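Subsequent text provides structure tokens for two forms of one protein chain, presented individually as structure 1 and structure 2.
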Structure 1
Amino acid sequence: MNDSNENVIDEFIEKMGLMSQSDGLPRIAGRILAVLIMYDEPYSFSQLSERLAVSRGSVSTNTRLLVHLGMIERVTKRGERQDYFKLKENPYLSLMQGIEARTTHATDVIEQTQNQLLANDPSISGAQQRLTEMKTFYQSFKSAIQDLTS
């Protein structure tokens, strides 16, 4: 891969770091993803540390995070002691599952609140209505996400 492309990759890596951050993930996690998107062969632990100029501790925590999220996988090679990493088949699926989980949590909180509110208090009928609207919205959001991953 020639130098010009290497510059493009560098930029992409940094932009992925920022996007990752705005998704609530550490910057380094996004940068690791970017590397694994851009290079065909599995990338080793120490290669990641060098390529991103980042401590081995950070590589460890962030690869573990991404593995846990189901976005990358750890692979090994015969006769090699290092760990390698590659993108998983559908990395974005697990992102969706994360969103889905948070949505479910939201509807749970709303339902719980609605059930706990005492019905004999007339002043809460507006609140009940707005809570229902909110729940309905989150439910349709959730099913849209689910449709996307099936």
Structure 2
Amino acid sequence: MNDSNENVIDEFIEKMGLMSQSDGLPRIAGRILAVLIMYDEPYSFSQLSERLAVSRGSVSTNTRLLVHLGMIERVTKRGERQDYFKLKENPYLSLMQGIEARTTHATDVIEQTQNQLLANDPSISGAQQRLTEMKTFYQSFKSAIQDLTS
């Protein structure tokens, strides 16, 4: 690979780390994801650790997170004991399904709260209105996600 492409890839990896961090995830998770997006071959813990100049513990923690989010998967190579990681097929659908599940949960929490609050209590009328607005937002968001994933 030529140096120009390697520089572009390095920049992408760092930018993915920053994007991940701005989304509330660890920076290293975004950097790991970027490596697996850019390269065809699965990467081992040690390869990721070396490529990103981070500890194996950090790689372990963040690969578990990315597996849990449905973005990457753990794979093995015949005859080798170590685990490897690769980008999961259609990882973005898995990510959207996770967001949909969390949105459904948020809507359920809001509805339970509204149902448990005593009706006709003027001290919470503003809260009821804000809860209704919040529920409407989550319902609209879930509908948009379903449109994207269908």
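For clarity, every value in this text was computed on a predicted model and none was experimentally measured. When a residue number appears, read it as a position in the sequence of structure 1, where counting begins at 1. Think of the rigid core as the biggest set of C-alphas that the two forms share within 1.5 Å after superposition.
Peer 1: Mark the structure, either 1 or 2, that is the form predicted alone.
Peer 2: Of the two, structure 2 is the form predicted alone.
Peer 1: Which of Val54, Lys77, Pro91, Ser22 lies at the hinge where one rigid part of the chain turns against the other between the two structures?
Peer 2: At the hinge: Pro91.
Peer 1: What is the rotation of the smaller rigid part with respect to the larger, given in whole degrees, between the two structures?
Peer 2: Rigid-body rotation of the smaller part between the two structures: 17 degrees.
Peer 1: With both forms fitted on the core, how large is the C-alpha shift of Asn115 between the two structures in Å?
Peer 2: So the C-alpha of this residue moves 3.2 Å.
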